[in-house]
Ligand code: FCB
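Only one chain comes next, encoded as structure tokens, the form predicted on its own.
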Amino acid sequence: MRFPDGFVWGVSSSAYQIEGAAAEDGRGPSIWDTFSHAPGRIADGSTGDEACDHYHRHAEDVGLMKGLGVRAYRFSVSWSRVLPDGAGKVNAAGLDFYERLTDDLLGQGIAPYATLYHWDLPQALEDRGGWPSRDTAERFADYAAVVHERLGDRVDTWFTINEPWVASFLGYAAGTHAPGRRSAAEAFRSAHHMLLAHGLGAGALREAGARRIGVALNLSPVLTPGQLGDQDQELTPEDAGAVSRIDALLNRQFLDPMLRGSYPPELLEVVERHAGLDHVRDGDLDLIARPIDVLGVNYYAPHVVQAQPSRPGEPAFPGSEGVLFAATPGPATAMGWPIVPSGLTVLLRRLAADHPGLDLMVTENGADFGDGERDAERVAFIEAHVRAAHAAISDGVRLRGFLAWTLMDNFEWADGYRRKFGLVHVDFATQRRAERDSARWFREVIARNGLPAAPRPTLETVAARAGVSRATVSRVVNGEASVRPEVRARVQAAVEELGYVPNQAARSLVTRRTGTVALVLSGPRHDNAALVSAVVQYVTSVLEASGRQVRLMLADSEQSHRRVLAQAEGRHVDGMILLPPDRQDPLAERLAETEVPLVLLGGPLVAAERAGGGPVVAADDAGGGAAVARHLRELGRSRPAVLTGPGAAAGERVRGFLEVFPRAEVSDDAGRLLTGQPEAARTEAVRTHTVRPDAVFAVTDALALEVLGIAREAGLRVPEDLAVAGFGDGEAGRHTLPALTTVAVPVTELALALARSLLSALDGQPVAPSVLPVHLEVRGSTVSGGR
């Protein structure tokens, strides 16, 4: 599978995610500096102050790229490093850095692709209004001219703005990205002004002599659940309206002004309702539609939606009322993003049909699959998308390159350092870089200008080639009559071309010869009714949608353990999901000795891997404990007590807490006062003891509610005398007086991750452990007036 001569292979990155040196050599603060330093904004409490220290280690990193053989490197320029105040005086030292980087790249035969804006607006401009202000677009054009004046003789390809939808709607509507505002009106105004900045910046670059100008957009096909299996499926008017509206908000809001010189009418109706239209001035669209030479396509996953009249709108999609963003059956990345490589083929074909003659380039594609240097999942992910890109080229799409996201692990925005997208692993404690298996694989792809000798084609390989889902391929190879003739012909052509031989997994999707999976509840867990309910509901829904039958089994005794083992050993089920108790469960180890794919919920990851138990899906218990500790420190609490209990999860929660509050600062005496004694004795001890804590972290909400009762009996005011926090976000804690501060566990996401991990394992794909982030819900038990 070779690519055309001159096809560009490379990697992409962004300034704030890798550079570090946040306050060195005259750099001014950006909105991400401010955002990451604000309490509770970043999942792991980190900042981008150091990141990958690329500012000092760029020569080493260029050497890594040279070793990979990449032909191009798309980096971003930090606006606040060049113009610390966003405008006015130029910081020569900042431009010196990008000049050194550019010269290093050229010296190694790597083409520098410069992106002028990747979300890090100078804080000085934010203070003057930010992107909702028209002035910011005009300042961007000045900034573009400044950078081109220094680098224009060496940089051939310029990208103006990266993913304006993310910067506008996560930053100004949902508030989950910098600057953290929550206003639909400001989001729509920001989007228009970023488009205007693109047009003004492209004009400034062209006038200065820039050779190739482009923009990088996050684009996704918008499909219904049914269209995942058959993209030509006829939709109801309601679903068609939902698809069109989300496509307008996500894709056409940016594509149409840039490439057609107009906004979609249905989008203007939404914008007018939320923000008015006075910010769209005469002549703006002519500026925005200035010609570009290449459209950068950042693709990760499709958006799957369907009409649901009672559904409230999503904050990131103002105007999405009545639209359900549906769960996607099938494998997913560690972030829960569905893996649908065929969506890239669909997207590229659409862009080529809608905008003929325009060069396209995949400027981002990659995935988080956890830490470590062995990353077979990442190899499989990128390979499947490279195949999808090749399928588009075979159909005549003018695709000129493929840039992987990303060179190395970095500061992954609101997720901090917990997400790992890099071909190169980074140990952030030492800044040591180490190639992953995916880096070695990508080196071979580049050297061959195509894929290495292919392994046996899989369902996903055929699906990518035919532009359909895995389930549709399965229905065709099993002779199911429900597939339309034209789709069947497309799949059969791909099967013949690739030499695909259906395996048992493909057959069982339809024939159900081994189409049953078991959901095993292995005993009571402490304070987890909501989790078990969500797992049963969502796992069953997703697995049944994929054509599986779900068998619910209870394993709370030795006799029931034997029944479960008999089901696995006799191959009466294709796979199992096991909800182990808080203690280490011997059933998991015994099931791991069978050949049936097994996915575990919770439990210590290391122990599960040591037992050979396969994929594990867990909530970040340690991260939740650390979030509570950081919150209490920010409140000025200095004498915390910790109430723990049995089980590995409790131990992880305490471990995370002690990473922030060293054990020497935690009052063991105070902790014992609140546990292990009759209630009357505990109450008296709390009232009179000289080392009474000023805060309590209980590893479950049940324990935390008990503390609230003790405090009330002892005459203590909560939170003035005693701040109390729990873990689990149970229903009761929301209705106490005061309401309980607690760590919310993403039960729905855990359930979906379990189902997707099992489906991946059933398809023979490698599956890594998945740890999902948790969220601290701050309420009145720690902050007076807290919600």
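Everything numeric here is computed off the predicted structure, so don't read it as measured data. Note that residue numbering follows the sequence shown and begins at 1.
In what follows, reference is made to the form predicted together with this ligand, a form of this protein that is not presented.
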task = Indicate whether the candidate residues D85, W131 and F140 are all in contact with this ligand in the predicted bound form, with contact defined as any heavy atom within 4.5 Å.
result = no
inquiry  = Please identify, from 301-309, 114-122, 249-257, 319-327, the stretch that has a heavy atom within 4.5 Å of this ligand in the predicted bound form.
reply    = 114-122
key: F428, heavy atom within 4.5 angstroms of this ligand in the predicted bound form   = no
inquiry  = Please tell me whether any heavy atom belonging to W405 falls inside 4.5 Å of a heavy atom of this ligand, as the geometry stands in the predicted bound form.
reply    = yes
ask   = For Q17, is any heavy atom within 4.5 Å of this ligand in the predicted bound form, or not?
value = yes
ask   = Would E163 count as touching this ligand in the predicted bound form under a 4.5 Å heavy atom rule?
value = yes
ask   = Which residue among F159, Y98, F369, W413 has a heavy atom within 4.5 angstroms of this ligand in the predicted bound form?
value = W413
inquiry  = Within 4.5 Å, heavy atoms only, which of F381, F442, F169, F421 is in contact with this ligand in the predicted bound form?
reply    = F421
